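Just the one chain here, the form predicted on its own, laid out as C-alpha cells.
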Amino acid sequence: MIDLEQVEGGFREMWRELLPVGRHEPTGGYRRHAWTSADGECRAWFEEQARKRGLSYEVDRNGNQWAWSGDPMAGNAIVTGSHLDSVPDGGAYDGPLGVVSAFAALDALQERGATGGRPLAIVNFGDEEGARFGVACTGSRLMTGALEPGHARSLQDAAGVTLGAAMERAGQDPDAIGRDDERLARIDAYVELHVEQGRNLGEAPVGVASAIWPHGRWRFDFHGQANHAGTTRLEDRRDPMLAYAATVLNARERARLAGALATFGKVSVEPNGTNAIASRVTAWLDSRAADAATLDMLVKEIIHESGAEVTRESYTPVVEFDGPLRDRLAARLGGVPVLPTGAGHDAGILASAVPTAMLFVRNPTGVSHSPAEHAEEADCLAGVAALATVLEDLL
C-alpha cells in the first residue's frame, strides 16, 4: 500500500480549493449542474490541476475532460476519475472525491517513480447526475453510444434550454457529440473511486464494487382540469393530484414487497397555484432492483395502476463489473469487502465497452445526495492510498 503521508497534504489542498465551488449557502448543499457557471468553475479547477502537473489536457467532443500522464495515443491506457457535477443540493463527496483522489494518487505514484511505462489518464465525465437535463451519465453515455446524439441535443432543462444550446454557450460543439470508438480503443481499464452511497462497508474504510443494480427513470404525466379550489364541488373535480398521490403510495408499497426501490423525488404541477385545482401533474419515478425481471415487473405494476401517460427517459441494465479486474483489485488490497450498489456511475456505463472496476470509501451515516453526505478524512486518505496501490499494479 502507498504511504498515507505521501498524499495527505495534496489531498487537503485540493479539497479546500474545490469545496466552496457551487455551494448554496442557505442549504449547505451543492448546485453544480451541467454547463452552468458552477460547473464551469469546476471544469476550470480540473484544467488547472492538470496543467500544474504538466499533464496533457484535452476536452473530448462529448464534453468530458482528460488529463494525461504519458502518451495519450499509446493505446494501452489506465484511466481513473469520476465527475464534478451534483444533484440539486447534493453533498460534497459524490463525484468530486473520485477526481480529487485520482490527482492525489497520481502525485503519490510520481513521487515514488511508480507510474510505469504506460499512460495514465484522469477524467471528469460531464453531466453524470443528469440534474439539469434529466439523463444521468450523459458524457459517458454519449462516449459509449448509449445515448443517441440527436436525442441528447434536444434534451431540455426546466427553463426550456436545450442541452445543445447549453453546450454551445459553454464553447462546446454540440454537433460533434456521439460514440467515440477511437478513444475507447485507447483504454485498457477504468477504475473509479466513489464515496459509498449507503453504509454496507461496516468497519472497512475501503471496498470494491461487484455490480450495479439495473435502474431507470420514468416520467408520469397525470392529466386533469384546472378549476377553482374554493368553489368547485369535490364530486365535480378532475384533480390529477389524487392519482399522483395514490401512485406514490402504491410505488412505495410495491417496492417494499418486491425487495426493490421506487422513488418519486421530482414533481411539477400546473398551474401551481395555491387556490387552484391542478390541470396536470408531472412526476419522475426512479426505480431500482437487484435484477431486471424484478425491476420490469415492479415498474409495469406501478404504471398500470397509475392511469398516467408514462415515458421512459433512461434505463441502465444490470452491470457486472469485470470479474478478473474486480478480483485483482480486491486481492491487491488484502481482501477488502466486495459489494453491489444500487447507485449508477460512469463506470457502469463504460463497462459495456472496456473493463471497469470501482472502489468505495466508507460513508459513516450512509447519507448521500444530501448536504449531510460525509466521509472521514482518514477514510478518504485510505481510499487514495488504495487507488494508488491498484493503479501502480495495473500500470
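Everything numeric in this text was worked out from a predicted model, so none of it was measured. Residue positions are given as counts along the sequence shown, with the first one as 1.
Just so it is clear, the following notes concern the form predicted together with another copy of the chain, a form of the same protein that is not shown.
Just checking whether Gly366 would be counted as a contact of another copy of the chain in the model of the complex - the rule being heavy atoms within 4.5 angstroms. Residue-level check for Gly366: yes, a contact with another copy of the chain.
Could you tell me if Phe264 has a non-hydrogen atom within 4.5 Å of another copy of the chain in the model of the complex? Yes, Phe264 lies within 4.5 Å of another copy of the chain in the model of the complex.
Check His151 for me: does it contact another copy of the chain in the model of the complex (non-hydrogen atoms, 4.5 angstroms)? Flag for His151 set to no.
Evaluate Ala38 for contact with another copy of the chain in the model of the complex, applying a 4.5 angstroms cut-off between non-hydrogen atoms, and reply yes or no. No, Ala38 sits far enough from another copy of the chain in the model of the complex that none of its heavy atoms falls within 4.5 Å.
Looking at heavy atoms inside 4.5 Å, which stretch does another copy of the chain contact in the model of the complex, given the options 265 to 273, 181 to 189, 142 to 150, 300 to 308? One stretch meets the cut-off, namely 265 to 273.
Gln110, Asn200, Asn76, Gln156 - the one with a heavy atom within 4.5 Å of another copy of the chain in the model of the complex: Contact with another copy of the chain in the model of the complex is made by Asn200 alone.
Name the residue from Ala176, Ala170, Val318, Ala229 that puts a heavy atom within 4.5 Å of another copy of the chain in the model of the complex. Only one listed residue qualifies here, and that residue is Ala229.
Counting only heavy atoms, which residues in 340 to 354 are within 4.5 Å of another copy of the chain in the model of the complex? Contacts from 340 to 354: Thr341, Gly342, Ala343.
Relative to the form shown here, do the C-alpha atoms of Leu261 and Gly202 sit closer together or farther apart in the model of the complex, given a change of 3 Å or more? Residues converge in the model of the complex, at least 3 Å closer.
Residue pair Arg252, Gly202 - Cα distance in the model of the complex, closer or farther (3 Å or more): Relative to the displayed form, Arg252 and Gly202 draw closer in the model of the complex - a change of at least 3 Å between their C-alphas.
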